[in-house]
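Taking the form predicted on its own, here's one chain by itself in structure tokens.
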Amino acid sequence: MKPHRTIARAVRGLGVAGALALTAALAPGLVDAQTRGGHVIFAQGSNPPSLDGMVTSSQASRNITMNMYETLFGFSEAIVPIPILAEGYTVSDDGMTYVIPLRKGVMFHNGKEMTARDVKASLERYRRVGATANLLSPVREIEITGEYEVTFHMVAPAPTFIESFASPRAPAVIIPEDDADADPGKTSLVGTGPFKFVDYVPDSHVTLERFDGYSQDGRHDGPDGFGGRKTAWIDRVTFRVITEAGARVAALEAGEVHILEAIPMPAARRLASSPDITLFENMPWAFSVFILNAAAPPTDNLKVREAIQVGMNMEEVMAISSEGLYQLNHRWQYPGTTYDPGEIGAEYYNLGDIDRAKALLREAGYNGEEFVLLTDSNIPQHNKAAVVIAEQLKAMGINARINMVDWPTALNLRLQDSGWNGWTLQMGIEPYLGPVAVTATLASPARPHFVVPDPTLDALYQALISGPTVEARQATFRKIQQRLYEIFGIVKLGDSGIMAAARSNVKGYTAFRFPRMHDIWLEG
């Protein structure tokens, strides 16, 4: 395996001024006095598929919805579960009961106080429509045991339950009981967060405004990850949809927008010394992956999928798609983290072995059938990766054709069993959360990314979530990584980062898993 590309190499072109800007951006203690009021404009590349916080795992939605809604539990800055709308929890000695008292005085945007009835109704809806509804699979029953208390009765002990349940991927947000029977996307868009919904014009913008009835969490001195004490200083936030990256950068330079979700690396290097712009590095941000549809020919053939794995040059794909902000990594966790599975599967990674790929295709009986490579026009890393991958597939002798659509359409098409063979994706939130979140997207009862459930992987997922110790779960995750390099349903390309940018008069902003519009303000 070729050596990892280091972050220092990837961003060294920023220079001294850029490094100083990054340092200042990551030092939240060095701030000026907060100023109330103002209108912040945040630019992102695609429409949110939905503003119903439960039903989509799209980053384009999460950017917005995590400012509108809250969950019982979430992750701190240190990626540790903390209570948000819950007061805490107690677990019975046998692990079969979780008693969860709720914060009192928490108000919805419609002026009603949150009670246990809202929580139970929200979570029952999440079972039906949640994009990662399997977060609640370990729970047999949700019981109201007080006006401000719910009790979870478990199917079996689940030592990783709170860690999994705190996931913001498609969060189990709490909404009013009145919305609990709503179809996906048909709620009133009411939550408990520091900002409330105003309007959504597709292909243009989403507007939120400060919720003056917001109930701050007094257990904290300030924000902490997805929770903590949140203060909304600005009056209004507009999330503008600007699909073309160059147009987003031009809008930032002109002062028409305040914050960019992502800035291309060439533009970041050019603007590193600008006194008007501050840069924010997020690295590692995501797994770059290439998902193969195991239900549709020719990728329903294991040997075809193996051929693609061994024939690909991951470094070429990552270097071009990330514009230099990447590291090579075959692992399904980040190197050096608690669940790092080591070198398992490394013998299949970044080989670029065209001859071996062609031999496997002959063994599979591949006869030039079309390979439809699904990607989207909104996320540059997706479509740049697709272009490089398509050329590599053609070099192996695969009849590859790119189908580039907008992001919401891509999300819809990949849910079909046919009509596509490969899909380029950035898995951002899952590796951040750890092995349970990653494996949950690949195992039943969720629809696996590669469409066809794998009973062995499903069993390993159950063993992972029920493992009584960290050591037991580490051993299981090593088996999961081994299995992924046996079924070849999803190709790990590498780890990528993103560079965000903001006008220098935006104060208090820090890089995180979603743009926190609370605890920022405008200077001047």
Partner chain sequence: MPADAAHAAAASLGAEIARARWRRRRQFAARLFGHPSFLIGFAILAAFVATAVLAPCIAPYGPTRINYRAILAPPSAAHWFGTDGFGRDILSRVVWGTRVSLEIGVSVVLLTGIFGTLLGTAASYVRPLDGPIMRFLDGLMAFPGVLLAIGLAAALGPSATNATIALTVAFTPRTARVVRASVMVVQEMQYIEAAHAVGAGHGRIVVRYILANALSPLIVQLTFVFAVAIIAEAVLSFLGVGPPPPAPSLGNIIADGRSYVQEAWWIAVFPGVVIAVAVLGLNLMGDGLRDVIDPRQRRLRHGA
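Positions refer to the first chain, counted from 1. Keep in mind the model is a prediction, meaning the values are calculated, not measured.
Unshown form predicted together with the partner chain; subsequent notes refer to it.
Stretch from 313-321, 77-85, 97-105, 148-156 whose residues place a heavy atom within 4.5 Å of the partner chain in the predicted complex = Of the options, only 313-321 has residues within 4.5 Å of the partner.
request  = Select from the listed residues P453, G213, P266, G397 the one whose heavy atoms reach within 4.5 Å of the partner chain in the predicted complex.
outcome  = Answer to the contact question: P266.
query = Considering K112, K384, K358, R236, which brings a non-hydrogen atom within 4.5 Å of the partner chain in the predicted complex?
reply = Selected option: K384.
ask   = Can we say E244, S377 and M404 each have a non-hydrogen atom within 4.5 Å of the partner chain in the predicted complex?
value = All of them do, each having a heavy atom within 4.5 Å of the partner.
ask   = Does A250 make contact with the partner chain in the predicted complex, using a 4.5 Å heavy atom cut-off?
value = Contact with the partner chain, yes.
key: Contact of A296 with the partner chain in the predicted complex (heavy atom, 4.5 Å)   = Taking the distances in the predicted complex, the answer for A296 is no, it never comes within 4.5 Å of the partner chain.
key: Any non-hydrogen atom of V388 within 4.5 angstroms of the partner chain in the predicted complex   = Contact check for V388: yes, within 4.5 Å of the partner chain in the predicted complex.
query = Do R270 and the partner chain come within 4.5 Å of each other in the predicted complex, heavy atoms counted?
reply = It does: once the partner chain is placed as it appears in the predicted complex, R270 has a heavy atom within 4.5 Å of it.
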